[in-house]
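Take a look at this one chain, the form predicted on its own, written out in C-alpha cells.
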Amino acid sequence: MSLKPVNGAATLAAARRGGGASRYATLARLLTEEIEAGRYKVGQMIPTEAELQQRFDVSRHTVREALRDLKSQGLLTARAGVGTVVRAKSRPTRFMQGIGTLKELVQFVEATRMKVVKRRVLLADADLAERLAVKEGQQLHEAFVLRFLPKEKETVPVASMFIYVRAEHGGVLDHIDKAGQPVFSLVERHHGVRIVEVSQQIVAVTLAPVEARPLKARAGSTALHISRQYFDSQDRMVMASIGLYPSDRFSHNTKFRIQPPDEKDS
C-alpha cells in the first residue's frame, strides 16, 4: 500500500473500510508498511506522537497503542533523549526467549572451539546496519571465525561465522580463541553488560563458492544460515553473529512442552 503523508486520515479510513480492525491496529499496520517500504530506515526517527496524531487525525491513545504494538514486534525502540527509532525493517523472528534455550546455546558453544581467521574494524553500510539492527555508519569490530569440534583436527569446520561487536567492546575478540565461552558472555564479564534479549533467524541456503571454500564444503551444497542479535537492557545491539552451518555437519533441534489447558477454561 502506498502512503501519502498529506492524506494520512483518508488513508487510515480507507484501510479500515470493510474490516473489523481497531484504529490503533490499522495505524500499526500502516506504519509497518511504511517501514518495510523503506520510508523510515533502520536507526531513523519516526514522526513524534503529535505529528502522527495530526497526520492520521487520531487520538494520542491510538498513536501510543500503535507504537506499543510495533515495539513489541521489534520494529521500533524508544531511545532516551532521542525519540522512537526504527529498530528493524521487518518483524524479527525470535526463538531464544527462554533461559532454557539460551543455556542450550551456551552448551553448544562450549562443546566447540573457535579459530579466528581474520579481523577488521569497519563502518556498517546500509545493508549490514539493517541486518544487525544498528545505525548506518556505526563502527563495529568484525571477526571471521571457523568453529571446530574440540577433538577433531583442524581440517573440517562445522561452521563459519562473522562476529560483530560494538567498538567499545572490541577487546573481547582477543580472547575468543581460548576462552571456551560464548562471545556475549565475554562482553558481559569484561564490560558489565547484561544481555536481556536474543533475536535469531534460521534460513536454508546453498553455499556460494566463496562461502564453501573455508568450510571445505562443496559449492551449491545446502547449509543453515543462522543470524543472531544480542540486545542489552537499553535495547542496544551489543553483539551479532552471522553463521553458516553445512547441513551434513549440523542440525538444529528444538523441544517444546505443551501445557494442557486449565480445567477451569474447558
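For clarity, a rigid core is taken as the largest C-alpha set superposing within 1.5 Å between two forms. All values reported here derive from a predicted model rather than from experimental measurement. So that there is no doubt, residue numbering starts at 1 and follows the sequence shown.
As for the form predicted in complex with the DNA, it is not shown, yet the points below apply to it.
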**Asked** in the predicted complex, do 62, 84 and 234 all reach within 4.5 Å of the DNA through at least one heavy atom apiece?
**Response** yes
**Request:** Counting non-hydrogen atoms within 4.5 angstroms of the DNA in the predicted complex, say which of 35, 207, 58, 226 makes the cut.
**Result:** 58
**Fill in**
Picking from 190, 115, 119, 71, the single residue whose non-hydrogen atoms come within 4.5 angstroms of the DNA in the predicted complex is 71
**Request:** Answer with yes or no whether residue 135 is in contact with the DNA in the predicted complex, where contact means some heavy atom within 4.5 Å.
**Result:** yes
**Item:** 4.5 Å heavy atom contact, residue 156 and the DNA in the predicted complex
**Value:** no
**Prompt:** Any of the heavy atoms of residue 89 lying within 4.5 Å of the DNA in the predicted complex?
**Reply:** no
**Prompt:** With the partner left out of view, is residue 49 within 4.5 angstroms of the DNA in the predicted complex by any non-hydrogen atom?
**Reply:** yes
**Message:** Given the stretches 213 to 221, 237 to 245, 198 to 206, 22 to 30, which is the single one in contact with the DNA in the predicted complex, using a heavy atom cutoff of 4.5 Å?
**Reply:** 22 to 30
**Request:** State yes or no: after fitting on the rigid core, is the Cα displacement of residue 69 between the shown form and the other one at least 2 Å?
**Result:** yes
**Prompt:** Your call: residue 50 and residue 233 CA atoms, closer or farther in the predicted complex versus the shown structure, by 3 Å or more?
**Reply:** closer
**Prompt:** Is the CA-CA spacing of residue 67 and residue 233 tighter or wider in the predicted complex than here, given a 3 Å or more change?
**Reply:** closer
